[in-house]
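Encoded as structure tokens, the following chain is the form predicted on its own, with no partner shown.
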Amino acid sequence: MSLTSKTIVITGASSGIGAETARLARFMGAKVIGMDRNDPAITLDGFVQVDLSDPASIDAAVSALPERVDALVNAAGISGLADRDLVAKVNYLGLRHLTEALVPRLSGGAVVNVTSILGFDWQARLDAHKALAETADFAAGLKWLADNPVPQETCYQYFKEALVVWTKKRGYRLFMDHDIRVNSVAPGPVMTPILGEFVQMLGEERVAADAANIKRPAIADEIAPPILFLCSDAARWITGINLPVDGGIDALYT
């Protein structure tokens, strides 16, 4: 599997899964352009600062990207400790806005979204997630959410579920119309800077119960290779999947 001569844009490239994916992609021969609110701490081939909660910032960032992009990795995200409206913008609406803006540059390429094992129950709210997925743009999505408010305590899970559904629905259409593959990976707990926030978000009792059923949290360099596989030509006939990369947690729900 090679990424030689491919141009890959990675959001959240300044830390965690995004940074590790950027490092590995460059090692595999790709030209990597990072996008993040914070300056990168790793070597990149280019960097564009962006606020994914602001569509104007996203549009300005897109104008600074190359005319041809082979893959987009949407790895940026915030925990459910943030206000639910900000979680909606960063983890779903902004991600979607960026992806749609890059469609003309991605023909024949790939998009990989980072969801979460916490989005495993997406089918329980499928109708709502479909309705949100069908909103036309960032502003329409905000209006839909104002009319259908999401509880603060489960907003992280909700928008990861919504992202799974959008990946499947939009992934099918983009593949048929533009030959763009859209997939997602769903990590379990990962040793990243925001892991402690997830402990606060879920509560120590829930975390302890989950910890008893897994070997350990993942390391970011265990998540990056499946992401880059889905970016590569080796995955040219895969679209619309949500791949658990979680050390077996998904199997517990079967």
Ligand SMILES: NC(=O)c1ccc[n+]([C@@H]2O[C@H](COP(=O)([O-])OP(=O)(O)OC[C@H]3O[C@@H](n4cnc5c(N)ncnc54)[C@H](O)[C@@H]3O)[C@@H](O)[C@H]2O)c1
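Each residue number is its position in the shown sequence, starting from 1. Owing to the predicted nature of the structure, the values given are computational and were not obtained by experimental measurement.
Another form exists, predicted together with the ligand; not displayed. Remarks below refer to it.
Could you work out which of 165, 145, 90, 102 is the residue within 4.5 angstroms of the ligand in the predicted bound form, going by heavy atoms?
Among 165, 145, 90, 102, a heavy atom within 4.5 Å of the ligand in the predicted bound form occurs only for 90.
If the cut-off is 4.5 angstroms on heavy atoms, which of these, 50, 33, 62, 201, is the one near the ligand in the predicted bound form?
For this set of options, the contacting one is 50.
Name the stretch: of 167 to 175, 133 to 141, 77 to 85, 104 to 112, exactly one has residues whose heavy atoms fall within 4.5 Å of the ligand in the predicted bound form.
The contacting stretch here is 77 to 85.
With a cut-off of 4.5 Å between heavy atoms, is residue 38 one of the residues that contacts the ligand in the predicted bound form?
Yes, residue 38 is a contact residue.
Given that the ligand is not shown alongside this chain, does residue 244 nevertheless sit within 4.5 Å of it in the predicted bound form, heavy atom to heavy atom?
Residue 244 lies outside the contact set for the ligand.
Might residue 193 be said to contact the ligand in the predicted bound form, defining contact as any heavy atom within 4.5 Å?
Output for residue 193 is yes: heavy atoms within 4.5 Å of the ligand.
Should residue 17 be counted as a contact of the ligand in the predicted bound form, where contact means heavy atoms within 4.5 Å?
Contact check for residue 17: yes, within 4.5 Å of the ligand in the predicted bound form.
If you look in the predicted bound form, which residues in 148 to 173 sit within 4.5 Å of the ligand (heavy atoms)?
Stretch hits, in order: 156, 160.
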